[in-house]
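Encoded as structure tokens, the following chain is the form predicted alone, with no partner shown.
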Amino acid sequence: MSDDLILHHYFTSPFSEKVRILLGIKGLSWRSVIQPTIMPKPDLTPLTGGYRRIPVMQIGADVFCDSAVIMAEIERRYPLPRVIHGADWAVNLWADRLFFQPTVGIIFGAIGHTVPAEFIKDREAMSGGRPFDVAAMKAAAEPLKGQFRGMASWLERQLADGPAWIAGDAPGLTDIAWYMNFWFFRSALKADMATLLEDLPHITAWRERVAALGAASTRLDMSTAEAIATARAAEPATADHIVHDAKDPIGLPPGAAVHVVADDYGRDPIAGVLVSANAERIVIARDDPRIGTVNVHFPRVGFTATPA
């Protein structure tokens, strides 16, 4: 149980879908813990210290926040088949941010008027108080479709000229990263995406191939209480990949009190004691009365740590 991959997610989360596809490519068994789509998240906060985004992965008393560090950890533990190569992370970051922006705008431009007030309030808090302006999103939706279609055309040309996968002869992180936005768009606006991409047939065939990959994993349901109990019964792991780099620009030694903050949105500070900072990740230790000590992992790119 302490070595189980526990994914805290919900089924409509696009960033969770990235992890679910990777688990399928690897053919892994994993535990599914469904968390609320908005705050509060009373059985997730003890693990993360207040990190509000999804997904979160848990392995015993180690907690991984953000899909990037989750996928890196899965690749490290289960290296075959190899899915991630170093420069793939640049494509992943582009897809998470620059490609995701028009995707979100198109979706909420169409359905924003149906969104519950509680969801709007939560997303405004996540964005640092920026208004969830339904009228502005609706006005921007059509121009954003042009941006989405322009980016999609890049992929169509590559698929027309190359092998079945963006990464080459086998699926890789670049496929997962591109796919997330098509999955999210289609899950919300199936007919709209079909119309927008009707003359891009290679994307449609590729998307179906990627979608099928997720079915190769084995999902076992787990309650939030069981996940809390698993963390409470375990101790954080130690490993070479989380050794502190004394030359890291963070300039703080292990044992320093820090706040870790995302650099884009969901910027709630997470307090803890620095375990390590290196080129791959930032790791802090936290104590919580419900679970004891956990190590919380964040990707190095996309998060900052400052003295508490």
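It should be emphasised that the depicted structure is a prediction, and the values quoted were computed from it without experimental measurement. From 1 onward, residues are counted along the sequence shown.
The discussion below concerns the form predicted in complex with a small molecule, not included here.
Counting any heavy atom within 4.5 Å as contact, can you tell me which stretch out of 51-59, 25-33, 270-278, 249-257 lines the small molecule in the model of the complex?
Careful reading of the contacts points to 51-59.
State the residue from Glu73, Asp96, Asp88, Glu156 whose non-hydrogen atoms include one within 4.5 Å of the small molecule in the model of the complex.
Among Glu73, Asp96, Asp88, Glu156, a heavy atom within 4.5 Å of the small molecule in the model of the complex occurs only for Asp96.
Quick one: does Thr37 come within 4.5 Å of the small molecule in the model of the complex, counting heavy atoms only?
Yes, Thr37 sits close enough to the small molecule in the model of the complex that at least one of its heavy atoms falls within 4.5 Å.
Contact of Arg123 with the small molecule in the model of the complex (heavy atom, 4.5 Å)
Yes, Arg123 sits close enough to the small molecule in the model of the complex that at least one of its heavy atoms falls within 4.5 Å.
My question is simply whether Asn295 lines the interface with the small molecule in the model of the complex - judged by any non-hydrogen atom within 4.5 Å.
Flag for Asn295 set to no.
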